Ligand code: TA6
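First comes one chain, alone, set out as structure tokens in the form predicted alone.
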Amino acid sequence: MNDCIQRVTGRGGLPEIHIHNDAASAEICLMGAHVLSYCPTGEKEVLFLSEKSAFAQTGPAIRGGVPVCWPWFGPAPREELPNATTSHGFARQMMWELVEQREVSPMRTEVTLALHDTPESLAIWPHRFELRLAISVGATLELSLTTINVDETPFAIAQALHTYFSIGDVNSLEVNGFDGLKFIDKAPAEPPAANPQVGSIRITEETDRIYLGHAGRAVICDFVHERQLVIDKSNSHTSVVWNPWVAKSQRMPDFGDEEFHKMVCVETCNVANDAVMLVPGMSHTLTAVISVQHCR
């Protein structure tokens, strides 16, 4: 390993990669290619990780950080895939391989993790594939998820970089970049929220929305920490904004009852009608770039 890249045994005995350079630090678990932590030098932690999260070879996925949701999003499509049982696909619960590492400069470090089809994956989802996640750590966190169809038939994928952001207080928060966009409301309130979106998103109850036609920037305005968390992306046409609020938090065994105050998910996706169709030999790369800007 290079000086700024260390491979360690992490929580639950799972292998982790720790990165420390002049611009930032990060922690990545090989189970799920899961980015657990990202902290620019001199800043507060950017990612939220539940104190109750499980770290295990089997069982629930890690709760927090940046889960990789692939090749489906949401509940398993049991009619199409009768052996599929997990939400958000299987990639976040399989062990990935470190295939590349590079110190670009004292300010930026890159690693690439890979996942291939296995007999276990083929029993769930009958397609041969190669999946790569390139993680670039510096003044920004850059994540590029590449899917390659190495099968003999086409397949469709839904995908998301399901990013949990650490915030000061969900009651002192705005999420911008969605004004005027229609959304699929997975947790409708009474009375229902205005749809299309009007102005900033404010979290005042359980929120689970798939925003359609969103290909641009999203900005989380965290007034407690006096900063903006900025998400730029490419090859993504949907975004999800999620917070479990009170009741759902209490139902999740791997999430603290009060932790919803300290997090919000803004997810870079291709889901719903934006699932990606890949013919044999074709590849697709979904990219998210996360940065921190101070409020002035």
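All values derive from a computational prediction rather than experimental measurement. Position 1 is the first residue in the sequence shown; the rest follow in order.
Beyond what is shown, the protein has a form predicted together with the ligand; the following relates to that form.
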With a 4.5 Å heavy atom cut-off, would you call Thr118 a contact of the ligand in the predicted complex?
no
May I ask you to check whether Arg63 falls inside a 4.5 Å heavy atom distance of the ligand in the predicted complex?
yes
Is His237 one of the residues lying within 4.5 Å of the ligand in the predicted complex, judged by heavy atom distances?
no
Is Glu267 close enough to touch the ligand in the predicted complex, meaning at least one heavy atom pair within 4.5 Å?
yes
Is it true that Phe90, Trp96 and Arg132, all three, sit within 4.5 Å of the ligand in the predicted complex, judged by heavy atoms?
no
Looking at 100-108, 191-199, 120-128, 161-169, which one sits within 4.5 Å of the ligand in the predicted complex if you count heavy atoms only?
161-169
Quick check on this chain: which one of Glu142, Asp151, Asp208, Glu174 has a heavy atom within 4.5 Å of the ligand in the predicted complex?
Asp208
With the partner omitted here, the residue among Trp242, Tyr38, Trp70, Phe260 that in the predicted complex has a heavy atom within 4.5 Å of the ligand is Trp242
Scan 244-258 and write down, in order along the chain, each residue with a heavy atom lying within 4.5 Å of the ligand in the predicted complex.
Lys248
